[in-house]
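Okay, here we've got a single chain as structure tokens, the form predicted on its own, with questions on binding and movement later.
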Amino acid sequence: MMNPEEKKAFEKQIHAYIGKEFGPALVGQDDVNQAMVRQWCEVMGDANPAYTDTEWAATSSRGGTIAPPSMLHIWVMQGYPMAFIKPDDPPVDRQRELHQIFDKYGYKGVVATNCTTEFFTEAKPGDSIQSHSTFDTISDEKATGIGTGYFIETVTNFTNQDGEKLGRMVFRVLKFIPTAQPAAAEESSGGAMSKDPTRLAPALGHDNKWWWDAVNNDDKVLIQRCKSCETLRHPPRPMCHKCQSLEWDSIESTMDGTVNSFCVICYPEIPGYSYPLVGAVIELAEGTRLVSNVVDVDPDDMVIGMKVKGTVEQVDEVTKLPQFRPVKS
């Protein structure tokens, strides 16, 4: 714990970053291109002809295809090299430099809290996308449920090769000192045991509470179905994306699935999870996709297209989740 003088010096150091850019603008390694747009639309299930149908787009008001606005930050992402950056590596920009200062003083936890994006105009095939990121605000120290820390808000402006503004993203993270887990009650033998932390609880709202109730109360995974056109959809939402009907019911999934994509999460380790943690997008037999974990598998054995079978399981003292396992041939 820092004394008042150390805390004052620390805060002066971090607040000095406000208004500074991370470094030189990031320039996309590839210009906007139809192949990447097509792959994005396939993964996202987006059939908007403005993105992929060149003949249809040629007759539209834009005169040609455009890139989905949601791809804007994708063009400048640094990709796989980021996975090989170690916490103690020399910082490559001011963002990592600032985070290393926080780490040095014990604020090693980080969690994204907000992201707001505005779109001004569309990117088109052939555009070179650039991003310019600046530290906008750093809060005073705040006490939160997961620990004490500081909110860092950054602003990123996206432009094309002509300097035309395409969009703006405000991103907010919390750098924090994780709250220590409370100790369990003393055992009758006199020894003390630490209570295991639980996974992060889902945010429940009007549109998804019914889905979680089926998981928690009935050990079932339900898939929302439009009553008008019978289109299945997940995650739950109030309106059908095909016919705009607000009427819906649900069907129960068989939990037979195929791994559509996956990642192996190793760092940072969040209390309540076992590592390495395999997170996967599962294509259910019914046709919708679900983000879940694949368990009882060596991460090196994971492959796209792997057949899996899911069940609803108690993963900690308070949490039930769908979990999938490889189907043995």
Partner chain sequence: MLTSIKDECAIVGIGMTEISKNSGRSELQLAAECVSAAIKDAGLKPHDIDGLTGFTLDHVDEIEVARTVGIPELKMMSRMPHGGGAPMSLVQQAVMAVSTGMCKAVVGYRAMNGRSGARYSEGVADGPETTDAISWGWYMPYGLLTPACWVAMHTQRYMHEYGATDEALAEIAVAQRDFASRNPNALFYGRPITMDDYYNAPYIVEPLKLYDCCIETDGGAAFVITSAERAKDLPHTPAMVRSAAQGAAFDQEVMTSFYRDCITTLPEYDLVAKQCYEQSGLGPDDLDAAIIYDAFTPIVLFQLESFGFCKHGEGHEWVKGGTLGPDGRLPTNTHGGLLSEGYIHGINGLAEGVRLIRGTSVNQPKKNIENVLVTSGASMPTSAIIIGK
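Take the two forms, find the largest set of C-alpha atoms that superpose within 1.5 Å, and that set is the rigid core. Numbering follows the first chain given and starts at 1. Since the model is a prediction, treat every value here as computed from it, not as a measurement.
The discussion below concerns the form predicted in complex with the partner chain, not included here.
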| property | result |
| --- | --- |
| Partner contact for residue 268 in the predicted bound form: the partner chain, 4.5 angstroms, heavy atom | yes |
| 4.5 Å heavy atom contact, residue 67 and the partner chain in the predicted bound form | no |
| Contact label in the predicted bound form: residue 90 to the partner chain, heavy atom within 4.5 Å | no |
| 4.5 Å heavy atom contact, residue 52 to the partner chain in the predicted bound form | no |
| 4.5 Å heavy atom contact with the partner chain in the predicted bound form for all of 203, 206 and 279 | yes |
| Segment assignment from 208 to 216, 127 to 135, 159 to 167, 93 to 101: heavy atom within 4.5 Å of the partner chain in the predicted bound form | 208 to 216 |
| Listed residue that, although the partner chain is not shown, lies within 4.5 Å of it in the predicted bound form (heavy atoms), from 106, 178, 235, 197 | 235 |
| Heavy atom within 4.5 Å of the partner chain in the predicted bound form - residue from 285, 295, 264, 47 | 264 |
| Contacts with the partner chain in the predicted bound form - residues in 308 to 329 whose heavy atoms fall within 4.5 Å | 321, 322, 323 |
| Is_shifted residue 234 between this form and the one not shown (CA, 2 Å cut-off, rigid core) | yes |
| Large Cα shift (2 Å or above) at residue 208 between this form and the one not shown, core-fitted | yes |
| Rigid core fit then residue 14 CA moved by 2 Å or more between this form and the one not shown | no |
